[in-house]
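Only one chain is given next, in structure tokens, and it is the form predicted alone.
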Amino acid sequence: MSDQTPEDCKICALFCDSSNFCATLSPPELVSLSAKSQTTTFKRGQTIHDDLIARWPIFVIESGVMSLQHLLNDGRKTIAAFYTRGDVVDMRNSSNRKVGHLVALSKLKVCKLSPRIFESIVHSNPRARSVIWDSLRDQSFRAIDHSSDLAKKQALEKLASFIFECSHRNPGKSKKDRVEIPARRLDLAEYLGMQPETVSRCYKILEDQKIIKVSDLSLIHILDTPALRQIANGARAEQTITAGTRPNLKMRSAG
């Protein structure tokens, strides 16, 4: 039976990772879905246009990062959501709502799925259905948490929360202290409702206090998880440190 698996699927990260949708499918299901699916790549900054979404409203992120963006009439832009590897994006009926635009934030590769075959598999395969529900549920809770962060949290608290969001989405579940940041700081600033220089300043504060270590622009190491968690949860600065061991953290919003 394993010989029925399409060659493209055998080398795809979505099939090899047991937590992803494609890994739950039987060889016949993979053959059926693959025959009516397409893989497409996008350059960083490229928009996934509405006519393509109308033809292919369901897709899975194979690699890279995609964002859901809103652009105001005066040119201001905000990023409402990030999608990374393994996320199932369902844009059916999106033309009836102003949900924004999907834009690649890095080199992006997606697998566009046949809605008819996708629905058939989800209906008949309990494991696949569970993975889809989990993916969509995670997206919903991330959106709820993000709206709360934007409404109530200060700049440093927002960044700390985002680091944990990325940690939870890391493919390597055993390395929670090693966090890949999926966006450039300019894009991250638009997601968090901050200025880019504020993002850089918050990173420096956390690094100076030895709460994190920044290896490069896309990778950080969490050195003090309890302190970072307290900041993310809105603790006062003096509650996150032991008196006399670190200087006071500046947590005023400068966004």
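Superpose the two forms; the largest set of C-alphas matching within 1.5 Å is the rigid core. Start at 1 with the first residue shown and count on from there. Just so it is clear, the model here is predicted, and its values are computed rather than measured.
In what follows, reference is made to the form predicted together with a further copy of the same chain, a form of this protein that is not presented.
* Asked: Using a 4.5 Å cut on heavy atoms, which of Gln154, Thr84, Ser106, Ser167 is close to a further copy of the same chain in the predicted bound form?
  -> So the residue touching a further copy of the same chain in the predicted bound form, by this definition, is Gln154.
* Taking heavy atoms only, is Lys77 within 4.5 angstroms of a further copy of the same chain in the predicted bound form? -> Lys77 belongs to the contact set for a further copy of the same chain.
* To do: Answer yes if any heavy atom of Leu68 is within 4.5 Å of a heavy atom of a further copy of the same chain in the predicted bound form; otherwise answer no.
  => It does: once a further copy of the same chain is placed as it appears in the predicted bound form, Leu68 has a heavy atom within 4.5 Å of it.
* Asked: If you check in the predicted bound form, is Gln230 within 4.5 Å of a further copy of the same chain, heavy atoms only?
  -> It does: once a further copy of the same chain is placed as it appears in the predicted bound form, Gln230 has a heavy atom within 4.5 Å of it.
* **Ile117: touches a further copy of the same chain in the predicted bound form, heavy atom cutoff 4.5 angstroms** => No.
* To do: Decide if the three candidate residues Asn73, His146 and Glu190 all line a further copy of the same chain in the predicted bound form, where lining means a heavy atom within 4.5 Å.
  => Answer is yes for this spot.
* Asked: Val122: with the rigid core matched between this form and the one not shown, does its Cα shift 2 Å or more?
  -> Yes; that C-alpha moves by at least 2 Å between this form and the one not shown.
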